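Shown below, as C-alpha cells, is a lone chain in the form predicted alone; questions about how it binds or moves come after it.
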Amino acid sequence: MEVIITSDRTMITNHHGKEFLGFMTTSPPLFLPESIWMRLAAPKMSVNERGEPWQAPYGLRKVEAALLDAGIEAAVIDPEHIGKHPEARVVAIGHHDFFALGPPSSEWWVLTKREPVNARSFRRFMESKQMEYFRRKGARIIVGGPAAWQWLYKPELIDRWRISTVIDGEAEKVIVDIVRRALDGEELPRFVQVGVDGVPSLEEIPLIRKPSVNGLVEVSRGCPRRCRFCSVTLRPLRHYTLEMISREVDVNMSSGLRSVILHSDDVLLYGSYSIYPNEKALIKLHELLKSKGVSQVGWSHFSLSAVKYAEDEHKLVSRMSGMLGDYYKGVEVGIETGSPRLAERMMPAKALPYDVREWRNVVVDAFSIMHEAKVVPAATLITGLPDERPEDTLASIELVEDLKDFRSLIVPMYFVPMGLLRGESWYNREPTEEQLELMRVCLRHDLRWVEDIARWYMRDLNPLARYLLSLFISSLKVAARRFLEPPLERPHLNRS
C-alpha cells in the first residue's frame, strides 16, 4: 500500500446508519461517559483483512478514486488498522472539523467550556503510536477536506505533527500530483489553496469505487445564491449526469446498502443553473432511485425558498416525497436569521425568487410544506453575525415561535468566519440575554418534537443504541428544565 487514506473515529463510522447521530460528535459528551457517547455517535464498523471499513466518508472515497484512477495504490483504512501497512509512504487525512472550530462545534465550546469529542478524537489519533511510527519513518502526511482552513489557526500543530501539505478546497484535481511528488521524495508546498480555476470540471470528478457512509451520493456541487457567510458559494455550479449518479448508487447497493442520501448544496436545484428548480431533472432523478429499488432516500440540503417555489409551482416536494414511500425523510435547511435587515445584508439572494424582506414568510411557508410532505428539516440559525443587533436576535426568536407547529429540529449556531466573511472576527463572547433566549426558544421547540421524531428515527436502531439514545433524550429533558427559565421580556416587533 503506497497511500493510506484515513481519519479519526468520529469520521470513520456510519453512526449506526443514522446520519444525524453524527452531529453528536460535534459536542462534548453530555450525561453519558465519553466511551458510551462515542459508541452511540461513532461506533466502529466492520473491516476486511486489510483494515478497509465497509463504508467510508464520501470525500475520502473521492480521493481514493482519484488516486486509483491514476494507477496509485491507495485505500481508505480504519484508524485502528493503519499499522497493518507499515510500508505506506503517504498518509492522507480528511475531516469535517479537525479542531472543533466550525459550526456547531464552536458553539459547544462557548456554552459548555468543554472540548467536543471530534477534536479530542482527532488529537488522540494524531498522537497515536501508529501515527508516530509514520512520522518517524518519514512518511508524508497530507491533510484536507472541508475543515482544511482550520490549520491556519493551528500552525504549531503543523510542525508538531509534521504535516507536509494542507489542501484547502476540492482536492480531486490536485491530489494526484501532490501524492506523486510525495512518493518521488520531492519537496511539497506547505499549503495548497484550490481556487475557482483549480476545481475539477464535471468530467474530471472521479466516481467512487467503494461504498460511502450511509449510501451518500453527490448530485451537484456549488450554489448560485452567494450568501456571504458560506464557503459553498465560492465554487462553480456543476451537476452530475444521471449515468454518473446511477453508477455511484450501484456501488453502494452492490455492498448491501439500500438507502441513499442525495448530496448537494441544494438538492432542489439539481439540473438547474438558476435559482428556479428544474422540474424534469428532479423527477427523473427520483425515478432513477425508485427504479433501482432503493428502500429509503434522504436529502442533504434544501434551500427554503426552493422548497416554497418548487411546491407552489410544481407540487415537487410532495411529489418527490410521495414517490419514495410513506415515511419521514430528513434534510438540512438554513434559516440563518429571522431579521429582514440581516437577511438583506448577508444573504440577499437566499430568498429568491421572493423578496428577501419576505424571508420570514418564506421560511414559515416552507416549513408548512415540509410538514405536510413528511419531510423533517434540521434547521440552522446563526447568531453573532457581524453588525447583529438585539432586535435582529428578537426577530429570530419570533420566527422560531412561528414554527412551533411544524415537525423539525432547530439549532442555533455562533457565527464562524467562512465564505466571503472569512476575514471577519470570530464570535466567541459570552451570549447576550437575547441570544440566551433564542437558545431557550429553540430548545423548547426541539423538545416539543424530539420524541415524535425519535420514534421514527430509532425504529430500526439496534436495541443498545436505541436505549442509549432514549436515555440521552430523557436526560436532556431533565437538564433543560434548569435552562428554560421564564422568557425574556421583549418588545413586539414590527413584522412589515
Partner chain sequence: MSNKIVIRVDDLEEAIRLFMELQRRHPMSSIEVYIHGSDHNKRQDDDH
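Positions refer to the first chain, counted from 1. Quantities reported herein were computed from a predicted structural model and do not represent experimental measurements.
What follows is about the form predicted in complex with the partner chain, which we do not show.
Just one listed stretch, out of 146 to 154, 279 to 287, 252 to 260, 319 to 327, contacts the partner chain in the model of the complex at the 4.5 Å heavy atom level, and that stretch is 146 to 154.
Within this chain, K137 lines the site of the partner chain in the model of the complex, having a heavy atom no more than 4.5 Å away. Remark: S164 counts among the residues lining the partner chain in the model of the complex, judged by a heavy atom distance of 4.5 Å or less.
Within this chain, V76 is remote from the site of the partner chain in the model of the complex, having no heavy atom within 4.5 Å. At a distance threshold of 4.5 angstroms between non-hydrogen atoms, Y273 is out of contact with the partner chain in the model of the complex.
The contact residue chosen from D265, D168, D392, D97 relative to the partner chain in the model of the complex is D168, the criterion being a non-hydrogen atom within 4.5 angstroms. Of the residues given (H301, R360, R89, H239), R89 alone sits with a heavy atom within 4.5 Å of the partner chain in the model of the complex.
Contact residues in stretch 194 to 213 (any heavy atom within 4.5 Å of the partner chain, taken in the model of the complex) are V194, G195, V196, D197, G198.
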